[in-house]
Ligand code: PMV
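A lone chain, given as C-alpha cells: the form predicted on its own.
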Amino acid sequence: MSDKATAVAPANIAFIKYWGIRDSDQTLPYNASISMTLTACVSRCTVELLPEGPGELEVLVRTDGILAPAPPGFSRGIERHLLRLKTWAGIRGTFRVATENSFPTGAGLASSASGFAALTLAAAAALGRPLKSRELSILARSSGSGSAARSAFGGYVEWPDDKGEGSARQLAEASHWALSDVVAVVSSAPKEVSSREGHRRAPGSQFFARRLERLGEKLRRVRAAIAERDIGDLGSILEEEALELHLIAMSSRPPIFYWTAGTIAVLRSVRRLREGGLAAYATIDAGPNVHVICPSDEEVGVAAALRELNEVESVIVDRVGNGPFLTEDHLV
C-alpha cells in the first residue's frame, strides 16, 4: 500500500521582519511580521507514505536534476516534522521524501519557509488529510520555521493573526498589487549562522527591545501601504526594517555578520536607481543577498542594473504569487 502526494510552495520576503522567538517549542515570535509571497522561488516536495514498511525514513534531494540522499542534518529536521504530522494524523508508517528548490538553499532566501510549507502540504495529503490555508499555516509553523506559516497563503500576509492560534492571515490577494522582487544573489553558499541561531541570540542585543517598542506603528503603516498600493511608504519602512534586523544581528552576543562587500555594493546601486527615477527599495533577510522590491513594470530596468554589478553572481526576477498547491508532477 502506498499513498503519494507532491506539493509546490513558495518562499516569501518579509517587509516587517520577525527576529527573535519568544517560545521555541511553539515557534511563536516576539512580534508580528508582514510578507509578500513569491512565485518563482519555490520548493517542490514529494511525500510517499508506506504504511506497511518497517524501514527508516528516506530523504532525497534533487540538485541539478540528480536525486541523491540528503545530508544528515537536513534529514533530521524533516524527520522531526514528519513525526509530528503522523502523531497529528494518528497514522503509523514510514515515509519516502524527495525535495528540490528552484533557488539557492540556506542562503537567506527563505528556503526553510517554502520547504516546510511544501513538506507539510504534501505529507498531509499523503496521510489523507488535505489542508486549508489556515491549517497548513499552523502545522507548517510547528516545523520550527516561523516563516513557513506565511508561505501557506498567497499575496500579502501577516503572521501571527489576532486569533492566538499561530496562523498567518492574508492581508490582500496577489492580484491586489503587482509588485516584483528582484533578488541580487551575491552568495549562493549556505550562510554560516542559521536563522534559528540568529533568533536565539537576538534578545541579547541592546537594540532589540527598542525595536519592539516601535513596531506597532510600522505594522500599521505597512498594512496601510499595501491597502493603498503606496510603494514610497512601503519602501521606506522595509529598508529601515532590513537595517534594524542586521543591526540587531551585528550587536548580538556573539555578533552575527551576514553582509558581504557584495551586499553593500547592491545597496549602493539601489540608491542610485532611485536617484535615477526608479521606485526600487532594498530589503535583506538573514543572509547576504538583497531583495529589491519594485512595481512589476519596473523590474526589467532594476534587473538589468543589478546584472551589471561585478559582485552579483546571479539575479532572480520574482513576483507576488498565489501560494502553495498540490501537483501530480512527482519527484519520485
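Residue numbers here begin at 1 and follow the sequence given. On a predicted model such as this, the values are computed, not experimentally measured, just so you know.
Omitted from view is the form predicted together with the named molecule, to which the following refers.
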(request) Quick one: from Ser180, Ser137, Ser195, Thr99, grab the residue that has a heavy atom within 4.5 Å of the named molecule in the predicted bound form. (result) Ser195
(request) Identify which of Ile293, Leu49, Ala286, Val266 has a heavy atom within 4.5 Å of the named molecule in the predicted bound form; exactly one of them does. (result) Ala286
(message) Heavy atoms within 4.5 Å of the named molecule in the predicted bound form: which stretch in 217-225, 142-150, 122-130, 75-83 meets that?
(response) 142-150
(message) I'd like to know if Arg201 sits close to the named molecule in the predicted bound form, meaning any non-hydrogen atom pair within 4.5 angstroms.
(response) no
(request) Spell out, yes or no, whether the shortest heavy atom distance between Ser252 and the named molecule in the predicted bound form is within 4.5 Å. (result) no
(message) Taking the named molecule as it sits in the predicted bound form, is Ala14 near enough to touch it, meaning that at least one heavy atom pair lies within 4.5 angstroms?
(response) yes
(message) With a cut-off of 4.5 Å between heavy atoms, is Val157 one of the residues that contacts the named molecule in the predicted bound form?
(response) no
(request) Flag this candidate site as yes only if Thr37, Leu238 and Tyr281 all have a heavy atom within 4.5 Å of the named molecule in the predicted bound form; otherwise mark no. (result) no
(request) For the stretch 242-264, return the residues whose heavy atoms include at least one within 4.5 Å of the named molecule in the predicted bound form, in the order they occur. (result) Leu245
